[in-house]
Ligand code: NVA
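Before any questions on binding or motion, here is one chain by itself as structure tokens, the form predicted alone.
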Amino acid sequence: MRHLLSPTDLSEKEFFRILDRAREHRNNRALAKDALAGKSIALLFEKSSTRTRLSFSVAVTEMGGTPISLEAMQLQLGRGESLEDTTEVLARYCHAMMVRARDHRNLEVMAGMNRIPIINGLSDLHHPCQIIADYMTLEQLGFSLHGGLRIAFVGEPNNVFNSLAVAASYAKARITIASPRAYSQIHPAIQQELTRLKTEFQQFTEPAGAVRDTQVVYTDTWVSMGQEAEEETRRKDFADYCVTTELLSLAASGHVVLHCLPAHRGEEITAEVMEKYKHSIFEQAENRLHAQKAILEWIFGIL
């Protein structure tokens, strides 16, 4: 049984096979219209979602399956039923489950039961589905994923950064990150993975150092879901980490900007930069759909 909780659940070969297949799905949305025929896919949300919810719902539907969207607080989970019991029941009704979770450990518990394939639609530690779409987008934009790619992440080392950095080992990419000193601690498990994978990686406390001569500048919201109580403090602490036209002047020629959305213009990215690079940013968003299709095929052993 296959699960996708982190990019490391994929071999390098599988990673690139999913990217290739996602590109095929982009070229033909009716490519696998019966691949999930007769299958019900549970989509369980503990957090709000736009792109993950829509991309998985449309992907399952266009592949002939039935998506079943579930809000955790509307299930008996919200009244104290155990995660294990809920997983056992869902395994008897559905064929796979995508979970957008607050705590990555919950995903590990569910996958550890090995009763139903689990896909991580976002957790506090990883966002593998997003990152597969991101590397697909970079390849589509003409960047090589076989060495030499230079990526800068401006912001906190969060779930998006974690998956982006871990998957950088597959693309033989160099990755840098710029964060305020108080927010620069990388999760120990991620640090271990980067060391094990020998990822070319460097941290900075100033955005200029991270962005200089890079081909890809990636940013994300300063206030993730669950951090709303820290919003005012975070806005002050990250005020110098906005991706501006001036900052981008340090990047390599032909660079692109990525943002996993939602974007907060005037905070992590200026309206001017968002407008200028909206093509690459909204290509990312579209590619979530095509990537999810390929991920679902991998989960069921079709790839």
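Because the structure is predicted, anything quoted here is derived from the model rather than measured. One rule holds for the numbers: they count along the sequence shown, beginning at 1.
Omitted here: the form predicted together with the ligand. The next part is about that form.
Trainee: Do residue 160 and the ligand come within 4.5 Å of each other in the model of the complex, heavy atoms counted?
Mentor: Taking the distances in the model of the complex, the answer for residue 160 is yes, it comes within 4.5 Å of the ligand.
Trainee: Would you classify residue 87 as touching the ligand in the model of the complex, given a 4.5 Å non-hydrogen atom cut-off?
Mentor: Looking in the model of the complex, residue contacts with the ligand do not include residue 87, since no heavy atom lies within 4.5 Å.
Trainee: How about residue 133: is it within 4.5 Å of the ligand in the model of the complex, going by heavy atoms?
Mentor: Residue 133: no contact with the ligand in the model of the complex.
Trainee: For residue 59, is any heavy atom within 4.5 Å of the ligand in the model of the complex, or not?
Mentor: No, residue 59 stays farther than 4.5 Å from the ligand in the model of the complex.
Trainee: Can you pick out, from 224, 106, 215, 169, the residue that has a heavy atom within 4.5 Å of the ligand in the model of the complex?
Mentor: The residue in contact is 224.
Trainee: Within 4.5 Å, heavy atoms only, which of 261, 242, 257, 31 is in contact with the ligand in the model of the complex?
Mentor: The residue in contact is 261.
Trainee: Are all three residues 18, 21 and 139 in contact with the ligand in the model of the complex, where contact means a non-hydrogen atom within 4.5 Å?
Mentor: No residue of the spot touches the ligand in the model of the complex.
Trainee: Just to confirm the contact call: exactly one of 188-196, 169-177, 215-223, 140-148 touches the ligand in the model of the complex at a 4.5 Å heavy atom cutoff, so which is it?
Mentor: Single hit among the candidates: 215-223.
Trainee: Taking the ligand in the model of the complex, which residues of 280-303 have any heavy atom within 4.5 Å of it?
Mentor: Residues within 4.5 Å: none in this stretch.
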